[in-house]
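There is one chain below, alone, in structure tokens, taken in the form predicted on its own.
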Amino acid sequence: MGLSTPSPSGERTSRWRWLWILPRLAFILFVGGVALLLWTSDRADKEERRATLISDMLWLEQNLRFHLTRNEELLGRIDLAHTTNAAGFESFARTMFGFESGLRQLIWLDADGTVRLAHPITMDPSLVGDAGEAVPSRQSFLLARSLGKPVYGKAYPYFTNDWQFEVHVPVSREGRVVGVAVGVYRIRDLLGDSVPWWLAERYRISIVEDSGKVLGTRSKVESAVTDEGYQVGFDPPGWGLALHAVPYHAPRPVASILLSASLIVLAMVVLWSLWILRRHAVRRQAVEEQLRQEYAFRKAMEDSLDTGMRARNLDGEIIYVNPAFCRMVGWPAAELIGRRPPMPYWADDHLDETRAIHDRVLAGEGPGEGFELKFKRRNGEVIDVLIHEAPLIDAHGKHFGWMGSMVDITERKQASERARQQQDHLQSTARLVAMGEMASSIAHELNQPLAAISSYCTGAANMLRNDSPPAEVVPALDKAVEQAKRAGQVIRRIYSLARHSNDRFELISLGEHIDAALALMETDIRNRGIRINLDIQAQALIEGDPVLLEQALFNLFRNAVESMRDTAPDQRQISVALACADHYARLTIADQGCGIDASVADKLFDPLFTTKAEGMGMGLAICRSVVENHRGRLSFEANPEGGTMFHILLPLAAT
């Protein structure tokens, strides 16, 4: 497992990662603030509504108190003249009922508590509920008369769902109670007369007992109520009665709902925006990290390149160079970037040529296959560079400059020059070797005919000294002439062979020239007692030079004869076999001589190499050249019966 080292970018990312907490914390605080604002607003509204409720109830309680007190005063001022007859009493009662006093019945009791007058006169006890006692209340009468001030009685039911109470107001004249005026309030009517409409639209107002039983309700709106009610004591009636008000459940204002919904929507939008922004930032960080790694990888590649890179804009100004280019020319990047032609690395002796190719490249007409130039290093050294220019295309496909890659080919050029010089030297040497080989070949091949000419001429001279008849001398001289002609042919053929000329090729029978070559060796073969075994199984017609082929066969026969110098006489034989197969003629010359040592086998065909003390080392080399010049092949192998077997493979002529 390899060790990994945290990258600087990764450390920076970890260091600033806490910044991502700020948006989350800000969003949480924002949502909390919005919720707190809504809660505070709702709380303030509730408190305001409760304060209004309390204020309204206190006002209502004071208003009722004002009405009751006023009625007490009016009842206490009843004129005794009104109590003497029913008509006057009824008139007074109607006056009391006329200004929404809440009174529904007026009763006049004398000082003994006896009912004298009543309006309306309904006094049926059956109409009073179970809690009722005598109407009007005897207890309240006695208490009011004894105290001398108004006394309110306990509420009691009237009919089924209606409750009422009495107020006993003692009437005094000259310090003596002459009667008691009893006002009967019906709670439902009292609330209907005393509670204004606007208050009834806000609250459901009830008068309740200590046990919570509702005695009367004033409600103008049929709607649900909230649980937040308010209760205040109903005094002076007393007897545990209380005013209870419950606000109606009022729908929240549309503006408030819209505002709350807007805040929630905005919070969700902010959250969604933060999520999108964070995802975008994470992707951007990943892409930036990938780009940094890619840039570092490419920078490492550029720094490790030996190829110089140079970028120019369309005006020819250098905008980028890599380290390899700086090393190549010797100028740092800071001194090259921003430079315009002529560049400091242009060779002084090639300014015009460099300027011309520079202008061609900027015009888009530079050589596509690259071009060579001479640059100058900062130390003055001139180098050869191979440049390839390519257009620079930005991300929008716009051509904005040229990028050149340069390779220092100075050593390559020098090596090529040295190779050329060596090739010239080798060619000169090859010519000299060829000339030497040709001279050696001529000397080697002329040796035999010249020796024959010398022998024939010597013999003819001896016969002339011995006065031999001309008829005996002429044949020797004819043979000398023939050998002289043969020497001339050998010289021309070897010259043609050196020039690789095929002008002398003709259709020849290989078997006939085998016989001719053996005929030339007839004297040596006979003198050495060598047997010749011929196995000519086919008529091999080939295209070639008869003289050279005959000369090559002569050399091979002569080598075979000379190799059996130390061979026992009864074993001296040369086997010659000729066969045709697969469009080739195969000739085998096998001797039973001394053979070829394996240590010299690889150099057997080399020019000037020989194993003979008197040899020139050109015979087999010439034979191989002649055979190969006829598109054939010369090879050898050891003879299983002793000696050596040479094989000649020549293509048959097309017939």
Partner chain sequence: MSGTTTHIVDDDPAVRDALKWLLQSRDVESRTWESAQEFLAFASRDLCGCLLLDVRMPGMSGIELFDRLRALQCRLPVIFLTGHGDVPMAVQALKDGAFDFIEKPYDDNALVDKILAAVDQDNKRSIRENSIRLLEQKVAQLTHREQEVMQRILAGKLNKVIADELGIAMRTVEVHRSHIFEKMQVRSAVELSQAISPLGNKPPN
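What you are looking at is a predicted structure, and each value in this text was computed from that prediction instead of being measured. Numbering follows the first chain given and starts at 1.
The form predicted in complex with the partner chain is left out here; the points below concern that form.
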**Asked** Just one of Val180, Ala460, Leu578, Ile525 has a heavy atom within 4.5 angstroms of the partner chain in the predicted complex, so which one?
**Response** Ala460
**Request:** Go through Asn447, Asn85, Gln537, Gln285 and name the one with a heavy atom inside 4.5 Å of the partner chain in the predicted complex.
**Result:** Asn447
**Segment that reaches the partner chain in the predicted complex - one of 206-214, 105-113, 270-278, 475-483, heavy atoms within 4.5 Å** = 475-483
**Message:** With a cut-off of 4.5 Å between heavy atoms, is Ile491 one of the residues that contacts the partner chain in the predicted complex?
**Reply:** no
**Prompt:** With the partner left out of view, is Tyr456 within 4.5 angstroms of the partner chain in the predicted complex by any non-hydrogen atom?
**Reply:** yes
**Request:** Indicate whether the partner chain has at least one heavy atom within 4.5 Å of a heavy atom of Ala255 in the predicted complex.
**Result:** no
**Message:** Would you classify Gln422 as touching the partner chain in the predicted complex, given a 4.5 Å non-hydrogen atom cut-off?
**Reply:** no
